[in-house]
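Below you will find one chain, with nothing else, as structure tokens; this is the form predicted on its own, and questions on how it binds or moves follow later.
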Amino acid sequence: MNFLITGAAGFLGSSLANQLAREGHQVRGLDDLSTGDPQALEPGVHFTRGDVNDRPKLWTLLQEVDCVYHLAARVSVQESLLYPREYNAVNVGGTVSLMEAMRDVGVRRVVLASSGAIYGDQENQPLTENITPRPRSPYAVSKLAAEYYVRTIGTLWGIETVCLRIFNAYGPGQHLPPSHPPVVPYFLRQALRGGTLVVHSEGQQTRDYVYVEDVVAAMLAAATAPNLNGLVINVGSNTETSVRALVKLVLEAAGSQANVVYNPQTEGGVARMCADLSLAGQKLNYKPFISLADGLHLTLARDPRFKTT
């Protein structure tokens, strides 16, 4: 098949692109490199640097494409609090530009990488796809708006759409910015350096951590599985892990005795998150295989940033 992946040089995008190329598909990648690394892409991926709002470029890249994976987005919850306009421009505007270009060219299937952050605080766990979303950040709002645009434009113009709500993905190659880094690579780096692991609030808040290879497996299935049109599907591990438990697992994986500091003055975000995977199992034959403990060991073994520490 012929694929276009937006955000192809990012953490999930590069893993997906490389796997598709290994399987013999024709893969085109688009990324503005604001956070992505083109060196993460294998030679079989045909990479183009560009903006997802550049419709003439999209028209060119979409020729003869069977399916689009739309991963291009800004992804920091904390950053979105400061720059909601930019998050709207990229995550919502970029999605609309892509859907318009797909309509113009005649591409018939798109898989959107959405987010479990859409759910916000919910009393009932695990989270099913029919729960009313309660987004708590501009990032989450932008992802929810992107879902609605994808499904609405898809319905209007006969484009098959699948929205995957991906929970807390982690693994080798995850971007580690100087401010507001993702918790798993941040904790691993601090543990290996003998630094301090700073935990927001009391660390009782829970998340659903899912290893990158499991996420890629779900995305691969979403390109070809039948009867998915218009669906929103969770992709996670179906395991609820507190930040305190994550700290313990990180220290064990790194063989570290680094200090841990809990800061009750900072807000820990949503209290609980755990993905219900019933729909993913039915529609994608999806079942996560890699536990958090194993995934942390694999990340340490496969990420050169940690090997050289």
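Quick note: we count residues from 1 along the sequence shown, nothing fancier. Nothing here was measured: the structure is a model prediction, and the numbers come from that model.
Only in words, not in the display: the form predicted together with a small molecule, which the text now covers.
Asks: Indicate whether the small molecule has at least one heavy atom within 4.5 Å of a heavy atom of residue 115 in the model of the complex.
Replies: Result yes; residue 115 sits at the interface with the small molecule in the model of the complex.
Asks: Give a yes or no for residue 13: in the model of the complex, does one of its heavy atoms lie within 4.5 Å of a heavy atom belonging to the small molecule?
Replies: Close contact exists here: in the model of the complex, residue 13 approaches the small molecule to within 4.5 Å, heavy atoms only.
Asks: Is there any non-hydrogen atom of residue 52 lying within 4.5 Å of the small molecule in the model of the complex?
Replies: Yes.
Asks: Can any non-hydrogen atom of residue 34 be found within 4.5 angstroms of the small molecule in the model of the complex?
Replies: Residue 34 belongs to the contact set for the small molecule.
Asks: 163-171, 102-110, 125-133, 199-207: which one contacts the small molecule in the model of the complex at 4.5 Å, heavy atom to heavy atom?
Replies: It is 163-171 that comes within 4.5 Å of the partner.
Asks: Is every one of 4, 69 and 154 in contact with the small molecule in the model of the complex, taking contact as a heavy atom within 4.5 Å?
Replies: No, the whole trio is out of contact, none within 4.5 Å by any heavy atom.
Asks: In the model of the complex, which of the listed residues (211, 119, 187, 139) lies with a heavy atom within 4.5 Å of the small molecule?
Replies: Contact check passes for 139.
Asks: Which one of 98, 222, 73, 191 is close to the small molecule in the model of the complex, taking close to mean a heavy atom within 4.5 Å?
Replies: Flagged contact: 73.
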